[in-house]
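Two versions of one and the same chain are coming, encoded as structure tokens; call them structure 1 and structure 2.
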Structure 1
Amino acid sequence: MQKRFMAIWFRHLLTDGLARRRPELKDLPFVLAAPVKNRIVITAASAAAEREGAFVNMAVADARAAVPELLAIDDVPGQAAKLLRLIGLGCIRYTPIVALNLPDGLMLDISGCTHLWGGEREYLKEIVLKLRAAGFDARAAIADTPGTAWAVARFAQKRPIIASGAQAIAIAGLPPAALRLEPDILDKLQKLGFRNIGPLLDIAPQSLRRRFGTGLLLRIDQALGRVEEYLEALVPLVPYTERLPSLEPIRTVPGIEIAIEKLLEMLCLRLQADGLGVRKAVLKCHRIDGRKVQVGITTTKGSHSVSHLLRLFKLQIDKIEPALGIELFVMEASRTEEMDVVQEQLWAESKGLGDTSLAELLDRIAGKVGAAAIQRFLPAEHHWPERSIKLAGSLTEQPQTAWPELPRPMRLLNEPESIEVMALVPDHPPKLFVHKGKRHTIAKADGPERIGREWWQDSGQHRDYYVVEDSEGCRYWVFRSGHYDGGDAQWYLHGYFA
């Protein structure tokens, strides 16, 4: 496919940007100025200032002679790149590849994008009008090469859309400066009387190289499309991305659902062909008010099932704020994982931790109530009950050590609850205990099981655990903190046995 590029030129980028932030400056003659060699020199002039005779590279003092009410504002270096970046991000809705063209322009790779807006003319009009409405004096041009588009945007009076292959005709009438040349080459061309690019194109390349070096030849070749020029995209492209522009702004839930389903169908088809599954996907919705809202999903296991991913996204739809409407949906699979596609059917019957439907269930639950609610425990190498289990890192992680074989209660209280006990003999299990005002007479007891503190982690008393059974048959896990004769011995209830 023939590549098409669009160059956007901002004639007063910095001053327009400032006037946008400070509306009172609009239509006033003002300049941005910075000190250069002990002189304050204008670095950018607003349209009004230029009309009255204050231009870039003039000293502010000289300009004041021409325009007495001239307002000079300190120039902040790096502002142009920042502004262009912001505008560029806004342009991503028109094409995924937007490149900065410092100091005052953007370069868009629009191949295959324009038909969505009904043709190149409408596409260009849409962008330029939108930028002008935002307060930027923008000019744009479309051509086969970035070089020609750049030249036409800045130097041509009319016809911003150059037909495919017509670069030579388009730039023949433009001045040599339209070729993005170094100042000394421009000076030389000026001295030799080259007012237009046209005559340069007729000269044999060897002679041009001898006189002007390879720089000029490269620029000519780039403009004509003999040498390819690469753009560095502002936002790195995610390999698995799908875009869905909508004819009319979408505001309703069913509309968003349809959009998500369509995007997922396209995305999953590609992923399936490559044997990959989504681990993390992001849906970016570009709204017509220029803002962007996004929601994301994650999965516990790579998946390219449209129905599953759609269900995960459906849980997130209420987080999308469509405001006036969404005009572009972008679905990115920001993390993918290789999948065992072949084995899937064969093992569909086996129930286990590797089961696909289980992973899908957990994804849905995580989407609804948060991933923190889902826990899987593995034994930890600690005897202290509170530390004897740890959370598993993944769904398929297997225990490294065996589970404890000593009796452990079915329910463990988060905090041991203090009880009053009566024991007949020191170091014997209690005869009765009172918990929450209820008296439990103990009929049988097992123990003690002494569990010491881990001195390298915390200090304090050890615990002597007893399994006790009261006269009604209920079984409890109680412990005495510390030695009986220590004076500070305290009894606690810590759990319930089955």
Structure 2
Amino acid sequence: MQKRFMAIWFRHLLTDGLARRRPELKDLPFVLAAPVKNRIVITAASAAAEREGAFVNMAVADARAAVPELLAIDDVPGQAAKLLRLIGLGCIRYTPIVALNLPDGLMLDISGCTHLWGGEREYLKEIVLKLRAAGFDARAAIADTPGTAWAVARFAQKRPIIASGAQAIAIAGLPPAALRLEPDILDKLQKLGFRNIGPLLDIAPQSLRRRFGTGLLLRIDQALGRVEEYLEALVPLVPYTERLPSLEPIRTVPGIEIAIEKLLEMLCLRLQADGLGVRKAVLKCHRIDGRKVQVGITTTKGSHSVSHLLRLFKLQIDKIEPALGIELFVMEASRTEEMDVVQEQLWAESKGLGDTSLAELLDRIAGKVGAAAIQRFLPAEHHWPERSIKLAGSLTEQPQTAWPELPRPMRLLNEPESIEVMALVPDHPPKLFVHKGKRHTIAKADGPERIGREWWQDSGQHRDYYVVEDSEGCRYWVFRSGHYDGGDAQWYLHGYFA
């Protein structure tokens, strides 16, 4: 496969990044500045500042003479690398190999990727438009070598996509600075009258080496593809990852199970040493046809038990399609949790929600019926009943407040449902009510319990709740909204008792 590279140049990287964080700067002329030899010098200028005459390496005092309203902001060292890394990690969706090209660019190895976007032109257009929509003034070029792609992105005026093998033609008309040369070499070339790269390509390498050293020859050879240029790819940080290559493609269920077990043994050994347990793990299977399939598991409580995690993954194996075979297995623990290491003893008393066997049982049930079918609720500090509960984030999460001491229904409706009520006295509990066409005669009633609205959230009527039991022995939680003598009081059903 022919190697292809894309170079992306951010003409105003630091100022564009700052304008994203501070939108009020977007249309203002501003610069970043730092002290250099007893002078405050511009290190980065926004597009608006450059249009009005403020440029990089200019003293801020001189720039303000040309642009009186110029805003100067202190430059923070290292911001370019951090910003490029964030952008580069976002570009991994387009290619797995993305490298930083400091101080203001990225280099992408796009070999074999562009057909997924309909070709190189659509690929380049997709990435550049995405970056510009995000607020970055970006240019890009594609060529066989990183050196040519870098040169065309920064110095060519048109044709950002260079045909395979046409590197020499593409860079011949560009200035020597397009070769990424050191300043002293550029000064020598300028004094000798070299305005373009083309004449340099016609000079014998021995003559160039005697006059300019090996640096110039290396850059020419890299641009033309005679010397391969190594890219150090960005890798998203996943602290707990294990890989298992296969000597032969794996296609059978037993083979996949063996691979999962070996990966879990390696992963859990590291997690146990760090006092952590798996809350979410992902198995990525790289097939020989170039495609990737993956399955994942989640646990109710952190676990580094190989047997337990293996049982969970076995429930997912039928979702893995090996096709012609799997050549690489990757296991990632994308979410972990600290675990309290306790000494185990036989015949110990029940640990309640802290019991590991309970957590493992819930995980097995969730693997069959889905994690959404299992929920645990905790009390929340709200008066309104429908707001007074919240979903627990884990099995061991402790409540921040106590449950109400008064009786509450086993089933609380998400939204109260309107009912028709008849009462002997307006402020008494109902003698009967009609809900969804069914008539319920009340035999017993208890209440009222008044619950007011939270004044800091909303305003409106209070509620008077009653626990009522009908003639069939069923108990309900009903309430009257507002005062009985207000003329607009409404009755609602809000829950069912067991």
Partner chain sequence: MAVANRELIEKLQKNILQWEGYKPPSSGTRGVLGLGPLESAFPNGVFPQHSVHELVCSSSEQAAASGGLVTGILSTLLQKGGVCVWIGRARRLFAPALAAFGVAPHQVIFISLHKDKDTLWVMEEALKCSGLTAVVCELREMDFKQSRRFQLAVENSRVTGFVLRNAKDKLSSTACAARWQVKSLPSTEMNGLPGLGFLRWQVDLLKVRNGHTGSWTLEWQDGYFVPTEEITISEERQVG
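Counting starts at 1 and follows the sequence of structure 1. Only a predicted model underlies this, so the values are computations on that prediction, with no experimental measurement involved. In this text, the rigid core denotes the largest set of C-alpha atoms whose superposition between the two forms falls within 1.5 Å.
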Block containing the form predicted on its own is structure 2
Given a core-based superposition, decide whether the C-alpha of residue 319 shifts by 2 Å or more between structures 1 and 2.
yes
**Message:** Following rigid core alignment, is the displacement of the residue 160 C-alpha between structures 1 and 2 equal to or greater than 2 angstroms?
**Reply:** no
2 Å or more on the CA of residue 115 between structures 1 and 2, with the rigid core superposed, yes or no?
-> no
For residue 281, the CA shift between structures 1 and 2 after fitting the core, in Å, is 5.9
